[in-house]
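Heads up, the chain below is alone and in the form predicted on its own; it's given as structure tokens.
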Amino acid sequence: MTDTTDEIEQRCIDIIAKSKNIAPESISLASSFDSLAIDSLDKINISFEVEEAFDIEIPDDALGSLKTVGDVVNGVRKLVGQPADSNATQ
């Protein structure tokens, strides 16, 4: 299970890194969207990429609650049926 969990985390980080043209190594679960200069338009574009990568649908009302990379990873885990990592938001 950890392999899949790590895969979800890495794929989300890669999507965010690509969208902002920054090194994936500089992104952690604790990275906030503010610190990565992710605005509302970026958040929408990232959500489309994440939806496509994982074949899921992120509810529109959930977008507003996403503040960190960990929020995205936990959201994806919920939508694909995996338990959220309680350490991701700390």
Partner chain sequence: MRISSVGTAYPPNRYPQAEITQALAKRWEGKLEEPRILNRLHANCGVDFRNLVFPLDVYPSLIGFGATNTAWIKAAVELGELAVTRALDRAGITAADISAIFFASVTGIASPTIDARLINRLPFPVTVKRTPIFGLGCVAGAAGIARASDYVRAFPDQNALLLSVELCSLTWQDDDQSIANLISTGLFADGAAAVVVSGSDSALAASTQPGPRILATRSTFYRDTEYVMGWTIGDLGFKIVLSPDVPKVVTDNFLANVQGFLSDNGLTLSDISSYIFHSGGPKVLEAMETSLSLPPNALAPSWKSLSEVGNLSAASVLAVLEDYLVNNPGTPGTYSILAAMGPAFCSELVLLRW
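Since the structure is predicted, the reported quantities are computational estimates derived from the model, not experimental observations. Residue numbers count along the first chain shown, from 1.
The following text describes the form predicted together with its partner chain, which does not appear among the structures shown.
S.K.: Kindly indicate whether Phe54, Val72 and Gln82 are, all three, within 4.5 angstroms of its partner chain in the predicted complex, using heavy atoms.
M.R.: The answer is no; none of Phe54, Val72 and Gln82 reaches its partner chain.
S.K.: Contact with its partner chain in the predicted complex for Leu63, defined as at least one heavy atom pair within 4.5 Å: yes or no?
M.R.: Heavy-atom contact with its partner chain at 4.5 Å: present for Leu63.
S.K.: So in the predicted complex, does any heavy atom of Asn45 sit within 4.5 Å of its partner chain?
M.R.: So Asn45 counts as contacting its partner chain.
S.K.: So in the predicted complex, is its partner chain close enough to Ile58 to count as touching (4.5 Å, heavy atoms)?
M.R.: Yes, Ile58 is a contact residue.
S.K.: According to a 4.5 angstroms non-hydrogen atom cut-off, is Lys67 in contact with its partner chain in the predicted complex?
M.R.: Because a heavy atom of Lys67 falls inside 4.5 Å of its partner chain in the predicted complex, the answer is yes.
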